[in-house]
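Single chain ahead, by itself, as structure tokens, in the form predicted alone.
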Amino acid sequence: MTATVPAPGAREGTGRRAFDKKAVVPWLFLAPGLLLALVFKFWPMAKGIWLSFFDVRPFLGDKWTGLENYSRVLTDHRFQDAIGHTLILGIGQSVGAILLGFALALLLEGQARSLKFLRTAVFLPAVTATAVVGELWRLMYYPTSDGLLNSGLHFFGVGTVQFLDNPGIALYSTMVMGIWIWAPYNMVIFLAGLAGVDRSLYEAAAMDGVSLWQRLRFVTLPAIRPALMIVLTLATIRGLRVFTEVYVLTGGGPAGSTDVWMTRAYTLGFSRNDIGGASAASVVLLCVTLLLTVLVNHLRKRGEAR
């Protein structure tokens, strides 16, 4: 009995077909998601970039204006004020949420069943719709003695505070709500980072008699650096794209004191029907977000290379 040996060309053809099949199957599973992303994300994004170079005139035909929309938006003092508000709100909100999230992660780290319940309770603001959270905070900030926060302040002899109607503090009131929303989200990422810290390092540090601050600085923080960089990247993107918190809580008022980049673009596009200007503002925001994301990733890689 003689065994039949396939020719080298036949083996190569069979292997190529198997390889092609393996390469195609993942794309078949990804196709529905990619199609949705193409239709509802990348196509509108490309259309927005295209419209930013036009004076959009519905039913009259769009008129090419080149970079005029960009120049008009960037020299508008209200847009410049909105950029300043965005930076203040984004930096304050990001730093506050990172510090509070890290503190919560240190307090709630462990395997006890009660800690699991507490972690779930603390994480609730991150999974609740921002519009709902905004309405809750509007009730808490209610500007009379019946409001929750004002009634507490009255207990300590402090008068009624106009949290959302005072242009001097409205932006910081919005910042507090943003910290409350995003700190639990950061907490979960920090908890994942803390779970990977080698416990023997803590034992060695305890035997050497180091203080709590030294243990935190020289053991915990270096060990969770990847988690910290992820949190920093996400916080940077969220800080620049903040919209819902401001829109629900103040709508950009009073007197534009909480108007941020996204609310300004929204006002241009949907209140003033300046689609070209709104598109230009959104494209500038996209470029700044990409630039900051690349910068943060570059700093992360430099830190890992050391």
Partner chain sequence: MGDRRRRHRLAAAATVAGLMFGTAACGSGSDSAGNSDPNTLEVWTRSDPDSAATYDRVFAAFTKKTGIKIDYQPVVNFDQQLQSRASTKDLPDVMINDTALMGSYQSQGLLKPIDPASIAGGDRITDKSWSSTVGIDGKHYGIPYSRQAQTLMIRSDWLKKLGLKAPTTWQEMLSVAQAFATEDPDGDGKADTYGMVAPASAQNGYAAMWGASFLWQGGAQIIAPDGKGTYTPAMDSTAAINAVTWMKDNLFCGKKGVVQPGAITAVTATATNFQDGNAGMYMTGPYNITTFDATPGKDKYEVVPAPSGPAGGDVLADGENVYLGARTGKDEKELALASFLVSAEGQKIAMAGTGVHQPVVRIPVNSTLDAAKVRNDARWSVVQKAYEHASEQFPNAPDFAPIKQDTADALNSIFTYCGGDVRSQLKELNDTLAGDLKDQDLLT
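Think of the rigid core as the biggest set of C-alphas that the two forms share within 1.5 Å after superposition. Residue numbers count along the first chain shown, from 1. Given the structure is predicted, the values throughout are model-derived calculations rather than measurements.
What follows is about the form predicted in complex with the partner chain, which we do not show.
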(message) Contact check in the predicted bound form: K41, R138 and R241 versus the partner chain, with a cutoff of 4.5 Å between any heavy atoms. Do all three pass?
(response) yes
(request) Specify the contacting stretch among 118 to 126, 98 to 106, 165 to 173, 204 to 212, defined as having any heavy atom within 4.5 Å of the partner chain in the predicted bound form. (result) 165 to 173
(request) Spell out, yes or no, whether the shortest heavy atom distance between G193 and the partner chain in the predicted bound form is within 4.5 Å. (result) no
(message) Please tell me whether any heavy atom belonging to L34 falls inside 4.5 Å of a heavy atom of the partner chain, as the geometry stands in the predicted bound form.
(response) no
(message) Taking the partner chain as it sits in the predicted bound form, is Y142 near enough to touch it, meaning that at least one heavy atom pair lies within 4.5 angstroms?
(response) yes
(message) Taking the partner chain as it sits in the predicted bound form, is R78 near enough to touch it, meaning that at least one heavy atom pair lies within 4.5 angstroms?
(response) yes
(message) Heavy atom within 4.5 Å of the partner chain in the predicted bound form: which residues of 173 to 199 meet that condition, in order?
(response) none
(message) Could you check, with the core superposed, whether the Cα atom of V39 shifts 2 Å or more between this form and the one not shown?
(response) yes
